[in-house]
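Read the single chain below, which is given as structure tokens and is the form predicted alone.
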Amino acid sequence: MTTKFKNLINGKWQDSLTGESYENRNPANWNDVIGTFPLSSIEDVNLAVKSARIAFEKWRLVPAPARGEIMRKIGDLLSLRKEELAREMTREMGKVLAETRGDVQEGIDTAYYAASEGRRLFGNTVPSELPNKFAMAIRVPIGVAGIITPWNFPLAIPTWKMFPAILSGNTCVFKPAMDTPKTATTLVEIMMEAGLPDGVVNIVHGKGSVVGNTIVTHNDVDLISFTGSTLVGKQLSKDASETLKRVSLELGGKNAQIVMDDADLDLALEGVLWGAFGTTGQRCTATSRLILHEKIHDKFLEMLSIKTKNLKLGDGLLSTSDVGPIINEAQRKSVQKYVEIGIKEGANLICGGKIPNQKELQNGWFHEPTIFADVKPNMRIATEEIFGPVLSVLKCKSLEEGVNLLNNTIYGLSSSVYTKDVNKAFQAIRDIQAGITYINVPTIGAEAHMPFGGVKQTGNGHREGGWTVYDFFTEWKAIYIDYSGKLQRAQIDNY
């Protein structure tokens, strides 16, 4: 019998008012139904927002260290259930167990970091320009946060958003991706078990066009944190502007790894294999372009082709699998379309490019890891985000040319340079247009206590992760205390 899941509103698990639902299936085996989830309505969102608004009035008054203690308990529960969560996540979205274990660990790290921030929501004291007057600025919570997340990191990304939001004294209405509702539901169950009061976190399942849009445009939602495509992010930003709510957008990427002629080629090879084909290329930080110095181009491309052909596709729950499935049929069709585009544009298909024909893979959305060489900078496969296991290889004559090629995109999330020359490394750090730059490390692998986000059309300037995310989830309040016993007019009486 198929398990039926529900929304959580004001601490109670309940069906959608529509009575409608959809099936959540395993992308490695489409015959495996994980459960059914609500197709919620505008009215469901309204109930969740109302619950969060009422809960905010009490939650904002809970001392931040006490909120942090609940974050610590959440981290403890995630740690206890790490393996269970990882296996559940692999079944739901496909990436191999080593990666889903890392996904859960990122949530654990974020919980413990948030717990410590409960005692570090620092403000500032500054000298007043007038005598017998005190000036300071403090952080205060904002209100109801709308949290809209993707499927590729179904636990880590919601924790990046909800843990800082809640620790700061806000409440949340959470809309997870339709492809990964089970992981999101388990996360919320754990948050409630740790002691969050009713209404502080609410989860509403359903379509982005209904649930997501209602959250974004709702008058009683004060801020939005969204991770997804640049196209959707642009529309979301327009819709949210009608109510002037604060919006954090973490959007697309077209990340590149540069390999210089002095690089450790074996190390760079490990890096690009992980960066391009980890999570089956379905990361906003995935290595989608590889820029090789002309002196090592042919040798490195041969090394890469051999290793890529030996990667084993399979169910992520199997220890023998290196690369899991694509998330769903529509996304695999999109990847196939880009392979066709690359061939038509004149790029050289080095390996992959096909749907595998092994019997054991026929019930899943698998696609071979694919490499194109002789890619020109303005080809679509070199400029558009594919979000799949497709790598475009370009050639450069110098670091300067390589950096120019890397910057030749509307995106600016992650970047990587492999070189043994410290001078070149610092030149690259200075000149690359990206929110993240790695030296002798792949384009993937951000750590929970560091700022995460990009420039250009990768986002709108906010950062998740680390200490910087707390700037988004709090307002600054300036406070003046005059104990002179008389009217003192700043900028007038003191000059």
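Please read these numbers as outputs of a predicted model, since none were measured by experiment. For every residue, the number given is its place in the sequence shown, counted from 1.
In what follows, reference is made to the form predicted together with a small molecule, a form of this protein that is not presented.
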| property | result |
| --- | --- |
| Stretch in contact, per heavy atom within 4.5 angstroms of the small molecule in the model of the complex, of 49-57, 426-434, 26-34, 441-449 | 441-449 |
| The small molecule contact at Ile157 in the model of the complex, heavy atom, 4.5 Å | yes |
| 4.5 angstroms heavy atom contact with the small molecule in the model of the complex for Glu117 | no |
| Interface membership of Phe226, the small molecule in the model of the complex, 4.5 Å heavy atom rule | no |
| The small molecule contact in the model of the complex: Cys284, any heavy atom under 4.5 Å | yes |
| Partner-contacting position among Asp261, Glu368, Glu106, Asp179 - heavy atom within 4.5 Å of the small molecule in the model of the complex | Glu106 |
| Contacting member of Ser168, Asn152, Thr214, Asn202, with respect to the small molecule in the model of the complex [4.5 Å, heavy atom] | Asn152 |
